[in-house]
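Given next, in C-alpha cells, is a single chain: the form predicted on its own.
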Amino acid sequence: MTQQLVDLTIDCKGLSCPMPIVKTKKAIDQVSPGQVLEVLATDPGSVADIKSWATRTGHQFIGTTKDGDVFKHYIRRTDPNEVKPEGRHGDVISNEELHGLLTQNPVILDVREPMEYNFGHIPGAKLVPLGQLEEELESLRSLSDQVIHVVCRSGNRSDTACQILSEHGFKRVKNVVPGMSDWTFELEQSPS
C-alpha cells in the first residue's frame, strides 16, 4: 500500500465510544481543508463510527487500515463551505422508559460490537453492529411499521443508526439515551 501523507495524527488507543469521535471532531479543526487526519484507535466500534461521522459531516473518509490491534483511520478535511451540520435524531427514549416497556416485548436493536453485546445486553435485544446496519436493512424491513428502540453504549452510534434507519423508511425509530453505559437493569449474556 502506498504511504499515506498525514498532516496530523491523534492517539485514541485504549479509548472507547464516544471518545474517538469526540477527539476526532476536535482534531479535524486543527488541520486545513485538503489535509489528512490520522486517527489511531483500538476500539472496533471506531471503524463504523469514524466512517459514519466523516460521511455525515461532509469530510472525505479515505479509509481504514489495521496494524495489529490498532485501527488507522484517514480523513481528509473538506472545505468549510462543504461541511454539513451534524444532525441528531430527535426521537429519544430514556433507559427508564425503555425498561418500563420490556414486558411488552419491544423491538430493540443493539448496534454495539459483538463482544460488547455478548458481555451483556438488554433482554430480547437483537444485535446489528452499526457497521453492518446498511447490509441488514432488508432483513429488518418487516419491522419498519413497528417502534424500533436503538441502543449502543453512549447514545452516539445509536443516534447514527436511527438516522440511517429513518433515511431508509423506518419512521418509528427511537434512540435510547444514555444507553448501555448507564443501564442499571437486568442484562442477558450471550454464551461464549
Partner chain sequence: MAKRVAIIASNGGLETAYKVLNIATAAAATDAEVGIFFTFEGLSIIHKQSEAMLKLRPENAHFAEGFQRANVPTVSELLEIAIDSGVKMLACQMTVDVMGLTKEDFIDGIEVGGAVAFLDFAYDADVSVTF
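We call the rigid core the largest set of C-alpha positions that still match within 1.5 Å between the two forms. Numbering follows the first chain given and starts at 1. Just so it is clear, the model here is predicted, and its values are computed rather than measured.
This protein has a second form, the form predicted in complex with its partner chain, left out of what is shown; the following refers to that one.
Per the 4.5 Å heavy atom criterion, its partner chain in the model of the complex is contacted by stretch 56 to 64, the sole one of 56 to 64, 154 to 162, 137 to 145, 31 to 39.
Although the partner is absent from the chain shown here, none of 115, 121 and 125 has a heavy atom within 4.5 Å of its partner chain in the model of the complex. Shown alone here, residue 168 lies farther than 4.5 Å from its partner chain in the model of the complex, counting heavy atoms only. By the criterion of a heavy atom within 4.5 Å, residue 25 is counted among the residues contacting its partner chain in the model of the complex. In the model of the complex, its partner chain sits beyond 4.5 Å of every heavy atom of residue 176.
Taking a 4.5 Å heavy atom cutoff to its partner chain in the model of the complex, the contacting residues in 11 to 45 are 14, 15, 16, 17, 18, 19, 21, 22, 25.
Relative to the superposed core, residue 176 shifts its CA atom by less than 2 Å between the shown form and the other one. A movement of the C-alpha atom of residue 48 reaching 2 angstroms or beyond is seen between the shown form and the other one when the two forms are aligned on their rigid core. The Cα shift for residue 58 between the shown form and the other one, taken after rigid core superposition, is 2 angstroms or larger. Note: the CA-CA distance for residue 178 and residue 42 expands in the model of the complex relative to this form, by 3 angstroms or more.
In the model of the complex, the Cα-Cα separation between residue 54 and residue 147 grows by 3 Å or more relative to the displayed conformation.
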